[in-house]
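Let's start with one chain on its own, the form predicted alone, as structure tokens.
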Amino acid sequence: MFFTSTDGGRVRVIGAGPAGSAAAIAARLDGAAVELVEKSRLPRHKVCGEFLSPEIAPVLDRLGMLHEFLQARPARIRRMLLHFGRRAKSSGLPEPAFGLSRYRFDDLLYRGALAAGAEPRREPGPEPAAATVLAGGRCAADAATARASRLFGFKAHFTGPRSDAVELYFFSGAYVGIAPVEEGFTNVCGLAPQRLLERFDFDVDGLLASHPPLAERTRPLSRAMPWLYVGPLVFRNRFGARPPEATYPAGDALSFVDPFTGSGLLSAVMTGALAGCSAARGSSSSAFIFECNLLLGRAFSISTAFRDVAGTKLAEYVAPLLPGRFLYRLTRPPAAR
């Protein structure tokens, strides 16, 4: 389906990941001409938990992408297992979630944006843009960040026995998530401080083997790709910022929420779609930021507080007292509950 701009305005979207492609689709649905700028070759594997909350379905449906998403045959995830040191907590999810690789998810959204009529470019074109969506990804840690506390992400796909659960292991200030994705693969993805990774010379296999519950869980699995790394990372949001008018940050460029929540991809698509609509309609950038804060601010604050506790001994005693579904819902964007 193709659309024609109602007013001749042009929206420039920087970045064609989930947030950028969602923005491009939404802007086209609102009648704007769209220039979609992406320097990297797509699709590509990226460090990501590859967990998609069940609430992603209605968001993709509004973008006209739900059929393509289901055609990709994402794994269905029905349970949540949380491991805090020696203790574990299990619960069913309120609704089945999805597991789909970033390689496949990014590709289907990008193709959807092109099918909707977005114009792909490697560099911004000479034509002026009435509005710009910034969806180029997260900020790196700055030079002032202490070396030992800098965070790095890692990810690889594995073959072997898999379950219908998303599993999270918290230990030594790090955590590792394990979840099924499409075509029988299992995604193993984590985040750890530099001081911990340096103890293992950044050998993630050695890090997994050092934690007995993880070593036992991954023993029957076989790694199917090299480890991918990203970082240093910093958790940051722009909810208090005042971007220039007609500029709309989305996805990780707006708010890099702690990945353990499993709401990163949902937030990226939600804020991307909102940015695309706002840009196409000429809405105030401040009003856009305010609406995003209503959507994500509470979840960002709660996830930050939870992570400060999750890697400590205190979590082993507190977590079993909280219902699993309650922990899950605390980090959901309110509009997605």
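Don't overthink the numbering: it's just position in the shown sequence, from 1. This one's a predicted model, so the numbers in the text were calculated from it and none came from an experiment.
Heads up, the form predicted together with a small molecule isn't pictured, but that's what we're talking about next.
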### Query
Can you pick the one in Gly85, Gly117, Gly99, Gly153 that has a heavy atom within 4.5 Å of the small molecule in the predicted bound form?
Gly153
### Query
Looking at 156-164, 186-194, 203-211, 89-97, which one sits within 4.5 Å of the small molecule in the predicted bound form if you count heavy atoms only?
186-194
### Message
Using a 4.5 angstroms cut-off on non-hydrogen atoms, would Ser284 count as touching the small molecule in the predicted bound form?
### Response
no
### Query
Looking in the predicted bound form, any heavy atom of Ala246 within 4.5 Å of the small molecule?
no
### Task
Flag Ala129 as yes or no: does it have a non-hydrogen atom within 4.5 angstroms of any non-hydrogen atom of the small molecule in the predicted bound form?
no
### Task
Examine Leu265 and determine whether its closest non-hydrogen atom to the small molecule in the predicted bound form is within 4.5 angstroms.
yes
